[in-house]
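Next up is one chain by itself, shown in structure tokens, the form predicted alone.
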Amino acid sequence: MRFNTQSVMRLALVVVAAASLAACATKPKTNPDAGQPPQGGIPDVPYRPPAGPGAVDTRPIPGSTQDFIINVGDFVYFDLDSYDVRSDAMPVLDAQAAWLRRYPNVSIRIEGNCDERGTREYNLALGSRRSNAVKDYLVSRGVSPSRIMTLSNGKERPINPGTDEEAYQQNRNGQTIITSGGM
């Protein structure tokens, strides 16, 4: 019997292809040690991977602007046509003074604001008196006046654009803003 070289090559390729397919078709071996502790571990306790990082602390950084706003408060409010510090503003201003004494490198700007009623000139003057009333209160509580700037926005920067009494009450305020030294 005579073999043709070409036929032998074809037969060899078919055998190699079949062997390759057979090798790929075998089932993977199961690992009897899966779920077991690494060598040297306690065999009766199932393996648990190490815990990931702990909970993220979302509290503001002490001494930061966020700390001041969230934990102290940056607004105090005034009555209509008044720049007298109200009794409900005193605890906020006392907390501001304590915070500012704790962080002596922080400088602030106090902005006096008014509601939309009244002339532009009247509200600029009233806003100035409000920001200075807040400054005077903080200075009386031990904050150096050199750390405090004042500014009047008059009625130009309302925090509530409404035209009802609730909006007016919110817009009659003194806002303390950290300008430097905060984190």
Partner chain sequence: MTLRHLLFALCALVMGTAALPGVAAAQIEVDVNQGNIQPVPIAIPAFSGGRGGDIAQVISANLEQSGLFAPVNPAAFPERNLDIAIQPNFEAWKTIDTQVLVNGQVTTEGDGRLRVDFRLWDIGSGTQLLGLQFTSTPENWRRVAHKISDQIYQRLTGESGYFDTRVVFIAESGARGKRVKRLSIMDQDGANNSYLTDGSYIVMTPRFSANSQEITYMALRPTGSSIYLFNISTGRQETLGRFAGMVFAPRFSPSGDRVVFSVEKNGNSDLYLMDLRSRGQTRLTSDPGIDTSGSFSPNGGQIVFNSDRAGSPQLYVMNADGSGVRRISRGGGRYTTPVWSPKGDFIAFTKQSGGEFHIGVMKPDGSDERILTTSYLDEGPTWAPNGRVLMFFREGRGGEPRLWNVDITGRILRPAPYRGSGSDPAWSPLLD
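These numbers were taken from a predicted model, which means no experiment stands behind them. Positions refer to the first chain, counted from 1.
The same protein has a further form, the form predicted together with the partner chain, not shown here; the description that follows concerns it.
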Checklist entry - Wondering, does D79 line up within 4.5 Å of the partner chain in the predicted bound form on heavy atoms? => result no
Checklist entry - Does any heavy atom of D67 come within 4.5 Å of a heavy atom of the partner chain in the predicted bound form? => result no
Checklist entry - Is there any non-hydrogen atom of P60 lying within 4.5 Å of the partner chain in the predicted bound form? => result no
Checklist entry - Contact between L151 and the partner chain in the predicted bound form at 4.5 Å, heavy atoms? => result yes
Checklist entry - For the spot marked by Y103, V106 and S140, is every residue within 4.5 Å of the partner chain in the predicted bound form through some heavy atom? => result no
Checklist outcome for this item: Contacts from 141-177 to the partner chain in the predicted bound form (any heavy atom within 4.5 Å), listed N to C, are M149, L151, S152, N153, K155, E156, R157, P158, P161, G162, T163, D164, Y168
